[in-house]
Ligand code: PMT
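In the form predicted alone, a lone chain appears below as structure tokens.
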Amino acid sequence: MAEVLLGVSGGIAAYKAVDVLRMLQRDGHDVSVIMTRNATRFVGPETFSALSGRPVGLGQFTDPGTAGYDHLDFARRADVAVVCPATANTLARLAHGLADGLLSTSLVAFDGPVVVAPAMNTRMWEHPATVANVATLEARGVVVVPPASGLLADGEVGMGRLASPADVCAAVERVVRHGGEMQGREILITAGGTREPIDAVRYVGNSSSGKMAWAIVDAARDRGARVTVVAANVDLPRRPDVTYRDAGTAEALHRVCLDEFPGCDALVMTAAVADYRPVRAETGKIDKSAASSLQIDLERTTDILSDLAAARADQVMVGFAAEAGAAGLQRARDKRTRKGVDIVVHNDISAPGIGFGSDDNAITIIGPGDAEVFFERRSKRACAEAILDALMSQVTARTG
């Protein structure tokens, strides 16, 4: 188990850090706590001291007139640091490397993984300075547990509510279990849904939002991978330390994947690629008044996954099968064999509340030797972690 440094900064959500401490302890971790001066206005240090069984770090100088080195002691002892809650002020200090208090100084001296859980008013969370500071921290490898939307302490409703203590602890656990295991690995991830043009305005497309792929991107980044995303019409925030290549149609996606695939260690083919496209796309807009009906001739698109499987060296390949109904699982099993890939992830798009556009999913991971594991409804990030666990088991089996 790990030695965790828990930093508590001055926001009303500081009381939830008590639950984070207890959950980390239940997971078997030892926890040391540093509180900022403002944090002590919300929760007394005696609470954290009693629960952790250790003195709480409060200031840089233990005795008047004597230089203290507590910040180095905290930094040397910790395996992972988590700041909960992380106020806008604390995020700014971390992003700019300020070291004017025990918490900020300890974090500047710490060279291990850092998790931050922001909490603040919506306007503060959305301020350009905060947005830039969060982007800086993420680019530096800091794991950010995004705040939730809901009722805030000041009575407003919006984004900025501290993530649940369970989510914060889950992020710490992922770092402890997986931090760095994909270091140096090149992961290629396709995302979104292709759009095949009918004319200059209309297209044949699908409902894929890219959320599942984005969750896999974040999980792979947190494990140390270098990630390249081939994005098909995804309208989601992009990460500063991820390489993106846009490919809106099946043909474009095929071309970019063939270009990127030789340099990757693993492919996660999350994108929903159109199976058919119009034989001919009109250069202008079709005049709907010209006829009461419209007939469009369609042709099959290229099978990207099969082409990549035929061209691979030793890459691990993960495909997706979005199917409807009870027969869909068998079609997903057949797809893994037919496409020649290592893993197929099946999800039932007919089930309510999961799949395209939602924040949750329920998946079956189908691997070699008819191995199958079903994961009931959970967040797409949790599904992403399970998918990467399966992927890494294949990597380990190949590399020993």
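Source: prediction; values computed, not measured. The first residue of the shown sequence is 1; numbering continues from there.
One more form of this protein should be noted, the form predicted in complex with this ligand, which is absent from this view; the next part is about it.
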property	result
Option touching this ligand, based on a heavy atom within 4.5 Å in the predicted bound form, out of Ala86, Val229, Val82, Met212	Met212
The unique member of Leu102, Leu94, Val116, Val273 whose heavy atoms fall within 4.5 Å of this ligand in the predicted bound form	Val273
This ligand in the predicted bound form: contacting segment from 365 to 373, 43 to 51, 26 to 34, 347 to 355, heavy atom within 4.5 Å	347 to 355
Ala322, heavy atom within 4.5 angstroms of this ligand in the predicted bound form	yes
Non-hydrogen atom contact Gln315 with this ligand in the predicted bound form at 4.5 angstroms	no
Contact of Thr130 with this ligand in the predicted bound form (heavy atom, 4.5 Å)	no
Ser208 within 4.5 Å of this ligand in the predicted bound form, heavy atoms	yes
Contact check for Ser106, Ala170 and Arg174 against this ligand in the predicted bound form, heavy atom at 4.5 Å	no
Residues of 294 to 312 having any heavy atom within 4.5 Å of this ligand in the predicted bound form, listed in sequence order	Thr301, Thr302, Asp303, Ile304, Leu305
